[in-house]
Ligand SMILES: NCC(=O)COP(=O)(O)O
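So this first bit is one chain, no partners, the form predicted alone, shown in structure tokens.
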Amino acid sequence: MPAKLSVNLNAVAMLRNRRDLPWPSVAGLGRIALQAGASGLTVHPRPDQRHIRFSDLQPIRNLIDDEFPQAEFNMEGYPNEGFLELVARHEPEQVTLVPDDPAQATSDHGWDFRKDRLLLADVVGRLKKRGFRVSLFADGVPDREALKIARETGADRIELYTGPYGGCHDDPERAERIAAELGRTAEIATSLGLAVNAGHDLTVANLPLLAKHIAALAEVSIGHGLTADALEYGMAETVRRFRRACGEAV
């Protein structure tokens, strides 16, 4: 099955935040993405609200509930109490836990599962009791012991950090090597009972190779590259392009 596409709305919100005006509409572009066949919407509400604002969350939740009940809401964030409170209030179908420092410009590494196992086990347990699917941000290194710890926290999935893969867009040989390594990591994860998502710097150009190496890829969450393409092709056509790149017949 082709990977599902979740459209990350952070870059749309960042553009909106350049002015104290309601456009571009975060929920409005989310609606266009879902109408074009995206499987869900992703947000990463950081404490400083530099892109997604806390006030964006309920309109996105309402959009999915009222108009696209088959779609999923994915909330990403560092599991401090503020983020967990937002999750409890807006009830996403999936919670993706990332090890971000609040000062980071964007996510740039996965969890150190050995060091953070107790923190993650506690938070994952709390989230699972409330019925949320939980995904943990993970580096692409094929480290069975680390991935075993990730599974032991009770998580359902990992999201492979694909920044290094996206960063070698001008080096096909390196891209092939990293895609193969991500594929090996995904194989270990699935053998341990973890489903595999992926995200960061994914594009129409590099998705097919990634999907080739990760046959069981469940979902990709894409924001920056998709939003950049939407400026050229429009949001609806861009979503269709990304769905085709994931292997869908669109």
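Numbering starts at 1 and follows the sequence shown. Owing to the predicted nature of the structure, the values given are computational and were not obtained by experimental measurement.
The same protein has a further form, the form predicted in complex with this ligand, not shown here; the description that follows concerns it.
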**Study point:** Output flag, G199, S221 and H224 jointly within 4.5 Å of this ligand in the predicted complex, heavy atom basis
**Key:** yes
TL;DR on 200-208, 180-188, 29-37, 56-64: the one with heavy atoms within 4.5 Å of this ligand in the predicted complex is 200-208
Looking in the predicted complex, the residues of 32-62 with a heavy atom no more than 4.5 Å from this ligand, listed in order, are T42
